[in-house]
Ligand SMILES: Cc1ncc(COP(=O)(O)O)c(C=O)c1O
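Quick heads-up: it's one chain on its own, the form predicted on its own, in structure tokens.
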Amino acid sequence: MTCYTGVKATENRGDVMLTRRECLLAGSAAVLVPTTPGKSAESARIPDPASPLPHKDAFFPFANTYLNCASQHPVSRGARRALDRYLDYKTFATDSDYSNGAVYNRNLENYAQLINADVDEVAYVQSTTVGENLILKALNIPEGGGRIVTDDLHYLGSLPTYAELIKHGMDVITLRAEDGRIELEAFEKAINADTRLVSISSVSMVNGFQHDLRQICEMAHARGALVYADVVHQVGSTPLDVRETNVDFCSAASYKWLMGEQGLGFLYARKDRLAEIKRPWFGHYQLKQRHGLGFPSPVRHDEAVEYEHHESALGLFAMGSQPNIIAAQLDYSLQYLLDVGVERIQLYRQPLIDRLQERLPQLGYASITPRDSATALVSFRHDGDTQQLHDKLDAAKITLSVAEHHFRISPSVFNDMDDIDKLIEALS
């Protein structure tokens, strides 16, 4: 544990930097699950989620100081153990009570709880982008015409989608960031009576800027428009309440802050919007029940084939088999996030972000993240010599995201102030 004076802990928890006296009293702050007969040494090293952050022992030792969780989050010890349990089952060599169906349902329930949704409002999707494109199809875009409002802090991979929609007759307005943020007044001017959809990233992948999603939804709904949010950089790292924001649709992959892997994510669709949109594709996973389908069937050819869709997000968006191995990983990770609490994660992380915002501009790296940001991503400009920057980071054994004119730092539950100071020293 590293101690920094001047910052008080709250609620008698070790989730923020402690005073020197508190640190000495805390002693071994990383509370571990006690070893019991029959438990492996590996499982005994998995910390209790209620123990003070950082949870270094929850993850395997890193080759480098890892500050790049916005690109992909490391696999935890607990998730690895869940993967091993699934693989043991998958050998079909031993008796196992493992149930893919139970894991499937539990993940939907846990994700719904994480964003304060009902379970019938969430469905699995392959990725954030798949979820976004499904919503476009469900809203009959571009066939139905109208305006879409987005911005240049949205996911870079989505911007070509909206450029293509212009070619198909959509009126697309892309708002430009100033000083690393998009002001609400810009949305106020852009959303008009012809606007069908506002499509944004609730937290930007570029610099961590967080939209006031509730205010944007109020503006859009007042003009008859709906709101889609890419929440991949919010859910799991920064509190998200779909009821409080009143967002209509949102999606997120699992390999970032949900501590999963590429290939599986979640789509949320507000319950009262389901009847207003069309089914964007068709598949038997959408079916609640069926009768008379397939060969051999007792149903005569002249009898009607019957089936019924789920009256839920699954009934509209479910498609094909899910990667059970990633679902196994999420079975641990989602519960871990619920047990730790996203609010605790944010509270613990903020002093790390604040220190970067204070020190790096003093070293000549101008921040492009608003100073009042409370998300997990913070970005700074560099002089354009990416090779020199890579050389510094490689020499110090630090991993973060470097782009042509900026770099991005994204700490998680295992990082501490020592990691931040190591980066500051390397960039000095």
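Residue numbers run from 1 along the displayed sequence. Just so we're clear, the structure is a prediction, and the values are computed from it rather than from any experiment.
Only in words, not in the display: the form predicted in complex with this ligand, which the text now covers.
Q: Which residue, Ser333, Ser237, Ser201, Asn107, has a heavy atom that falls within 4.5 Å of this ligand in the model of the complex?
A: By the 4.5 Å criterion, the partner-contacting residue is Ser201.
Q: If the cut-off is 4.5 angstroms on heavy atoms, which of these, Val122, Ala253, Leu337, Leu134, is the one near this ligand in the model of the complex?
A: The residue from Val122, Ala253, Leu337, Leu134 that makes the contact is Ala253.
Q: Within 4.5 Å, heavy atoms only, one stretch in 254 to 262, 183 to 191, 110 to 118, 317 to 325 touches this ligand in the model of the complex. Which?
A: Flagged stretch: 254 to 262.
Q: Can you work out whether Val227 and this ligand are in contact in the model of the complex, taking contact to mean some heavy atom pair no more than 4.5 Å apart?
A: No, Val227 stays farther than 4.5 Å from this ligand in the model of the complex.
Q: Residue-level contact is defined here as any heavy atom of the residue lying within 4.5 Å of this ligand in the model of the complex; does His233 satisfy this criterion?
A: Result yes; His233 sits at the interface with this ligand in the model of the complex.
Q: So in the model of the complex, is this ligand close enough to Thr128 to count as touching (4.5 Å, heavy atoms)?
A: Although this ligand is absent here, Thr128 would touch it in the model of the complex, with heavy atoms inside 4.5 Å.
Q: Is Met205 close enough to touch this ligand in the model of the complex, meaning at least one heavy atom pair within 4.5 Å?
A: Heavy-atom contact with this ligand at 4.5 Å: present for Met205.
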